[in-house]
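A single chain, nothing else alongside it, follows as structure tokens in the form predicted alone.
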Amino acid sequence: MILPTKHIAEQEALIGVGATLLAHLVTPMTVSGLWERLKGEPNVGTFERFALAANLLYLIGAIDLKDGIIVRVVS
């Protein structure tokens, strides 16, 4: 479910949801603000998928949480 497979399209896998999340995270914002922006995206779908994708991005170091605000990590 993290990576696409023969039966799971790229945009449906968590890495695809994470890519959508990063595309919308152009400025630092709160978790609820980012969720409000993304809840209409068809590949995000549910808050559970949003949270799992955010956790994945945090684990790989693509985003960070500073004072309750999600920021994109630039490397």
Partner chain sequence: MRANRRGFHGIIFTAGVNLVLADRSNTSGEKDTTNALGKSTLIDIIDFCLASNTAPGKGLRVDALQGWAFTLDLTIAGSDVCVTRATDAPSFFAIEGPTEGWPLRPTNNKEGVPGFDAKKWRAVLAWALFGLTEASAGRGYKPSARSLLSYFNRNQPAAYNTPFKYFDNQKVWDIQVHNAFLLGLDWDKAVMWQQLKDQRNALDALKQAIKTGAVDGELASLGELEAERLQLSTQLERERAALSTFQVMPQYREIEAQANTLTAEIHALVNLNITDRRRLDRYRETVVAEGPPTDDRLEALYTEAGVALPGAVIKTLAAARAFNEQIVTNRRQFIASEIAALEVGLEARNAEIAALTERRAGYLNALAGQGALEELTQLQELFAATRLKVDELTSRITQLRQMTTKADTIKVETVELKRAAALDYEERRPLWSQALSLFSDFSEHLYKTPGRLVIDIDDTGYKFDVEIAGSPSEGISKMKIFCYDLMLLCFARQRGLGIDFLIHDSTIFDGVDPRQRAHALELAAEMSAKYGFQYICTLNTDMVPVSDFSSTFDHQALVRLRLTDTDPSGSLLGFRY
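Positions refer to the first chain, counted from 1. Just so you know, these numbers come straight off a predicted model, no measurement behind them.
Note that the form predicted in complex with the partner chain isn't included here; everything after this is about it.
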Taking any heavy atom pair closer than or equal to 4.5 Å as contact, tell me whether Ala23 reaches the partner chain in the predicted complex. no
So in the predicted complex, does any heavy atom of Ile60 sit within 4.5 Å of the partner chain? yes
Quick one: does Ala19 come within 4.5 Å of the partner chain in the predicted complex, counting heavy atoms only? no
Although the partner isn't part of this model, could you tell me whether Ser32 comes within 4.5 Å of the partner chain in the predicted complex, counting any heavy atom of the residue? yes
Between 26 to 55 and the partner chain in the predicted complex, list the residues on our side with a heavy atom within 4.5 Å. Val31, Ser32, Trp35, Glu36, Phe47, Glu48, Ala51, Leu52, Ala54, Asn55
